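First comes one chain, alone, set out as structure tokens in the form predicted on its own.
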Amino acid sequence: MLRKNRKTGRLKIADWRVSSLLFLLLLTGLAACNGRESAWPRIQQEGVLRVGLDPTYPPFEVDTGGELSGLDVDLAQAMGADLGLDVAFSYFGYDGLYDALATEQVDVLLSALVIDPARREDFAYSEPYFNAGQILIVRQGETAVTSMTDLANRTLAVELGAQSHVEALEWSRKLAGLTVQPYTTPEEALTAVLQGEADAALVDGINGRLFLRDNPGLTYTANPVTVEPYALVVRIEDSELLDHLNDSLARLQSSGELDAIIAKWLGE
């Protein structure tokens, strides 16, 4: 019995050594597979930047009858021209965008994506190119309301259940006499301001600017109330590509081209 146990023990030790060796070989293989090279040299050589997006979110990107258009589309084309690259677009559902980038089906995502700190282990974000956060909208000529702190004893219109509603309720705990008036849609909240039923409206930057573009008589205050930054996304190892994208964004911002693209789709 003793010998049998010892023999069994020796076999177990041998099995453990073999298993450990196989495990180390597997880890080495995985490390080699994950040791991806920078995409920038290939992009330069091919002269093509592969951009992934979800074409169902106007005015940022939408495919209408096979024709792709939108703010992000124009921005990608402008950055491609600035970097001396052609741009090739690939479509994915919103939930599949990051997977498409991780599996190298595209080089970059440009699809109205908010910077997500939880994804920074695997992905890197460019400098923001648009803020979709909450903005305060008042009637043109209004001088008494320039920020949220001016809303004491006034009425603020919001979209029921939206982020603006949550933000407004927080402010109502700090400002005496602030009345938060919810409406079914952001358009209804903004119409209330236009018609004098509310002193101001708090809505997201996209719906707010689209309404102002088509409905004169309102304006938004200088400083956004919250920040929801949209940015381009690359794989974490593509720092060289990210540097070039950030440099391109900076040039487009400096030249005024970025602002012109945003104004084209969202108004001034």
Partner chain sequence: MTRPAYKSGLRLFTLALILTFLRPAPLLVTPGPPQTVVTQHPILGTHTRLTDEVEEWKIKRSLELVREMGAPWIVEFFPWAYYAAEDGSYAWGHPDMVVAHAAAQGLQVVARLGLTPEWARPPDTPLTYLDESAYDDFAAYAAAFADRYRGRVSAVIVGNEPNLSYEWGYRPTSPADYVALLKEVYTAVKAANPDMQVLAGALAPTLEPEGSPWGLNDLAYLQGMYDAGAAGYFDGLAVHAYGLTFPPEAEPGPDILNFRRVELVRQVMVDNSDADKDIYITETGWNDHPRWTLAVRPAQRIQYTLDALQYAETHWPFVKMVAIWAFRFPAPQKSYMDYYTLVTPEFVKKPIYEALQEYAQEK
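Worth saying up front: this structure is predicted, and the values here are computed from it rather than measured. Residue numbers count along the first chain shown, from 1.
The form predicted in complex with its partner chain exists for this protein as well; it is not shown, and the discussion that follows is about that form.
- None of 160, 175, 81, 124 but one reaches within 4.5 angstroms of its partner chain in the predicted bound form through a heavy atom, and that residue is 160.
- In summary, the region of this chain contacting its partner chain in the predicted bound form, judged by heavy atoms within 4.5 Å and restricted to 190-198, 140-148, 83-91, 162-170, corresponds to 162-170.
- By the criterion of a heavy atom within 4.5 Å, residue 103 is excluded from the residues contacting its partner chain in the predicted bound form.
- Not displayed here, its partner chain is kept clear of residue 238 by more than 4.5 Å at the level of heavy atoms in the predicted bound form.
- In the predicted bound form, at least one heavy atom of residue 56 sits within 4.5 Å of its partner chain.
- At the 4.5 Å threshold, heavy atoms of residue 184 reach its partner chain in the predicted bound form.
- Counting a residue when any of its non-hydrogen atoms is within 4.5 Å of its partner chain in the predicted bound form, the one hit in 188-227 is 207.
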